[in-house]
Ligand SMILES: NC(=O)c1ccc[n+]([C@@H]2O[C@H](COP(=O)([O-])OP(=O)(O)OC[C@H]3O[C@@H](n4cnc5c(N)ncnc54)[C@H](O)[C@@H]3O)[C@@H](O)[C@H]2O)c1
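Just one chain follows, in the form predicted alone, and it is written as structure tokens.
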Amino acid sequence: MNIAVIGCGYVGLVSGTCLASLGHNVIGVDVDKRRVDSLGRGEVPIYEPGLSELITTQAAQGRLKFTTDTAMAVQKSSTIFVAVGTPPSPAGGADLSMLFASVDEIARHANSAKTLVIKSTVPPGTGEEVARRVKDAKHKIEVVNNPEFLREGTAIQDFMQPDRIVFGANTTEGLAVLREIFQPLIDRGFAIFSMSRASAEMSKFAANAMLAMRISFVNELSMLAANIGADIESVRVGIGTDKRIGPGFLKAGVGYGGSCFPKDVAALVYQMQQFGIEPYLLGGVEKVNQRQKLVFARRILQSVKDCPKPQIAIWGLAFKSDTDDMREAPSVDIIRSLVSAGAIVKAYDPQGMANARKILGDAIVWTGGLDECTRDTDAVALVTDWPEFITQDWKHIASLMRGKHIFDGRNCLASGKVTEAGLYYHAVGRPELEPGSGRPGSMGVVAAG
């Protein structure tokens, strides 16, 4: 099938490349000529494991091309995926201006019947508005929804080996096109769920809101655990092994970030309020998330309050490992809190430095590696759980530091190794440990530390 993908951002680039790997002829479209030119040279503007190699392979085989010419791409394709951004709107909810602009352009350039697949994350009911916008087009345009469930760092695997594929179609014709596109995955036995457009749209929002809620739930409990001397790692094992609950997204830490959870929770809250529904549960999810970051920063500052001109090392800037994405990254609020209190912040991330610098500018000290980042600091705060941070020689780290405080913002470090090196270990929702103290009573076989 000939397919156009409008928008070569994260979702569009991964989806278009994977669609090409399923055997389709794909044209990726973007308004940014520099991005299109760089993609044509095989240069990928985002960090996603395996994506660069897959783009190179599909381009070499002639199944993947990039252009700024929307008209050409629409006219040469029978199906057009729209994967443009839907950022937060200043008034609340989602800003759908880029989506509607793309839809209008597709309707204007269509030279035959087309299927328009909404891949962008959109509030429930958006498909109906899109259908209204294209109903008077010269040629029939069928509007369907195919929400993405891609996790940064494992996006290619998530597309090619999905937990489920959701089809949102209000007609049998629209459903048939989606089945044809994804037939290679259907043949491999992956689960397909067909539903209305509005149900598919809501499924995406509901999934992200549920995951964000679980993170905020365990983070709120972590605050109680810290005050009563419980270990949130043991608690999460205690509840996560219940088959009715499961272990996913119950890891306490510095809070969630990224392009999806904060935006989608806010949009869902806004839409509920527009209908006069008070979002009692979802309304508190982001409040807990914000508090988690600020409490973590206050704890770091408390540990260095007696240090003149305290220096603090931040290990990790991206909102999660295996990505360079800084959108809504917890590190930003943490760093700003530390800097506003007068601390000197040094930072390092294996992939996120360039994007972080665009946000934080010259407010902090940018370093080229962990040793440089750690040297002469009074405290180290692990904010992103990159593997190289977890497997450190803690005696070496201790020799570099001026102070002795390690803050584990992801509860991923072996606390015994840290304290054995003469360092204080501070985690999230776990008892603080003094040098040489070890960890009494934790479920070490299952839980970190």
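Start at 1 with the first residue shown and count on from there. The shown structure was predicted, so the numbers you read here are calculated from the model rather than taken from an experiment.
The form predicted together with this ligand is left out here; the points below concern that form.
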| query | finding |
| --- | --- |
| is_contact(Asp30, this ligand) in the model of the complex, heavy atom dist at most 4.5 Å | yes |
| Heavy atom of Ser120 within 4.5 Å of this ligand in the model of the complex | yes |
| Heavy atom of Val11 within 4.5 Å of this ligand in the model of the complex | yes |
| 4.5 Å heavy atom contact, Lys204 and this ligand in the model of the complex | yes |
| One stretch from 220 to 228, 246 to 254, 82 to 90, 188 to 196 that, in the model of the complex, holds residues within 4.5 Å of this ligand by heavy atom | 82 to 90 |
| Contact assignment for this ligand in the model of the complex, among Arg63, Arg35, Lys417, His405, heavy atom within 4.5 Å | Arg35 |
| Contact residue in the model of the complex, from Ala347, Ile334, Val143, Cys260 (heavy atom within 4.5 Å of this ligand) | Cys260 |
| Joint contact, Gly7, Ser102 and Leu150 to this ligand in the model of the complex, by non-hydrogen atom at 4.5 Å | yes |
